[in-house]
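Single chain ahead, written as structure tokens, the form predicted alone.
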């Protein structure tokens, strides 16, 4: 595979015009780099076998935990430890880079209308 640059804004422009959209943009070893566009309230979930990282590229996210709330703005990131329940929300919407191992289900072990069985590449 030849190295090539990835432009986040160009990739975001290819997402569907919906409040929630996720696509894979790169792989490194067994880690997927995903772009996420989200507005609204996600569901409580955890990932029992892996950490996950959110890097906020635009907008504002509120990451809810059972015992606290963390506000994330453009240029900030958070690592969610494996097994920790969390729920991202955003009234205004945000765009983020999500880094996690290949094949991780977006809603962990919780099945809901937000569960995406197979995340596509863009």
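Quick caveat, the model's predicted, so the values are computed rather than measured. Numbering follows the first chain given and starts at 1.
Keep in mind that the form predicted together with a further copy of the same chain is missing from the display, and what follows is about it.
*Should residue 42 be counted as a contact of a further copy of the same chain in the predicted complex, where contact means heavy atoms within 4.5 Å?*
No, residue 42 is distant from the partner.
*Going by a heavy atom distance of 4.5 Å, is residue 38 a contact of a further copy of the same chain in the predicted complex?*
Because no heavy atom of residue 38 falls inside 4.5 Å of a further copy of the same chain in the predicted complex, the answer is no.
_Touches a further copy of the same chain in the predicted complex: residue 15 (any heavy atom, 4.5 Å)_ = Heavy-atom contact with a further copy of the same chain at 4.5 Å: absent for residue 15.
*Mark residue 6 yes when one of its heavy atoms lies within 4.5 Å of a heavy atom of a further copy of the same chain in the predicted complex, and no otherwise.*
Yes, residue 6 lies within 4.5 Å of a further copy of the same chain in the predicted complex.
*Determine the residues of 55 to 81 with a heavy atom within 4.5 Å of a further copy of the same chain in the predicted complex and present them in sequence order; the list may be empty.*
If the 4.5 Å heavy-atom criterion is applied to a further copy of the same chain in the predicted complex, 55 to 81 yields 55, 65, 67, 68, 70, 71, 72, 75, 76, 77, 78, 79, 81.
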